[in-house]
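Just the one chain here, laid out as structure tokens, in the form predicted alone.
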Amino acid sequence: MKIKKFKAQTVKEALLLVKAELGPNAVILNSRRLKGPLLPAFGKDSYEVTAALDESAYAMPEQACADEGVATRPAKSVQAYAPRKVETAVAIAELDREKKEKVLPSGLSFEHFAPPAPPANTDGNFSVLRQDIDTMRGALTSLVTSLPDAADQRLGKGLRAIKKELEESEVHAAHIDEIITAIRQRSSDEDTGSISRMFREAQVMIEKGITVSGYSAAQKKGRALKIAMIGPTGVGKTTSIAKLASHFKLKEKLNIALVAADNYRIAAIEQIQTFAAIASIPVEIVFNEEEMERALKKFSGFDMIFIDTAGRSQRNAEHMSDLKRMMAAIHADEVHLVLSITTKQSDLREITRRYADASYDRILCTKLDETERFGPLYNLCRDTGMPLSYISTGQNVPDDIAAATSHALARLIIGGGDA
């Protein structure tokens, strides 16, 4: 068995070296990508392919037998060697039936390397060959799938790093393309090769793509600012209201009132009543539109009224109709759609679409402490066109909530979660 390693700048060049030295019957044992220096000026990545040729399986042909009509081939050609076993010869001939000058052409299917069906009376030698072929197929598949495609290669090292970071952060592919295109338009080829420079550019582009609403401000026109929270069950509406009410009462010194319309969950009513008692904030529990209007009129002299609505499934038409009627009775100044950032991407798109009938005008995101993927923040803002109001990062009241800022969110999305 002859084993040798070949190094080249590309996989294609390495395989051509294998073919030139060991012939078309060589078996690929291993392949790997060799990292180049950190600085491009000192070299690029290269590839190492380990190949083998079983020389014992090939021998000079015996003298041709006249009665069999076998002709002797010239000894100089690699083709002059014939396998000792007929079965092995059939298998190799089948494998090598379509020789091509180009290695790894576009659209290559690894079905080309699948071992042929074993002929009758196969023996142990064919089993070994089949294992070698399987090894070669697996190695090439692993190598090719690990290589960036041609489009990515043209981006430059810095932009490739940005694209990978955004994909891992779960930014939608369409938004990634927008960001990459915008950066390329304002950067030179030299710039796109710098990872640090491209990360700064990406942060700028993401920051520009995110809109925020900032802290709510109590109106001083003789009436209360009405702030309603809507959204699916379990996303943290009641807890978010408790945090915001505490903030404006304790830090802004405003008069705060609460109205709870979540009469579908006993625990929700108890939760907000317990909080209101601790914080010395008045609260009204309502069960229909008429009671909502009376409660809002009762608290009209306060600075701010926070309204907690029942969690609704976006797929239940009756529930969504009830919510729409309740929102019509509230006439809210701000309607925050509360969403958990851990919710599946497809569900977030459906929720934002179906809750549009409730006329939300901003989005509050919760449970940022439960994930390391912050791309959905960017997706929500870009897909809905709505600003982000607050981000919640835990259960502590009132500390674990803050007004969203474009800069902080951009750092979360492209900065590895370090805001």
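Quick note: we count residues from 1 along the sequence shown, nothing fancier. Since the model is a prediction, treat every value here as computed from it, not as a measurement.
Only in words, not in the display: the form predicted together with a small molecule, which the text now covers.
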Spell out, yes or no, whether the shortest heavy atom distance between Thr393 and the small molecule in the model of the complex is within 4.5 Å. yes
Test of understanding: in the model of the complex, would Gly301 fall inside 4.5 Å of the small molecule by heavy atoms? no
My question is simply whether Pro232 lines the interface with the small molecule in the model of the complex - judged by any non-hydrogen atom within 4.5 Å. yes
Thr238 within 4.5 Å of the small molecule in the model of the complex, heavy atoms: yes
Contact residue in the model of the complex, chosen from Asn288, Thr211, Gln345, Gln271 - any heavy atom within 4.5 Å of the small molecule: Gln271
Considering the small molecule in the model of the complex, which of Asp262, Glu334, Glu284, Glu165 comes within 4.5 Å of it through any heavy atom? Asp262
The small molecule in the model of the complex: contacting segment from 377-385, 23-31, 363-371, 45-53, heavy atom within 4.5 Å: 363-371
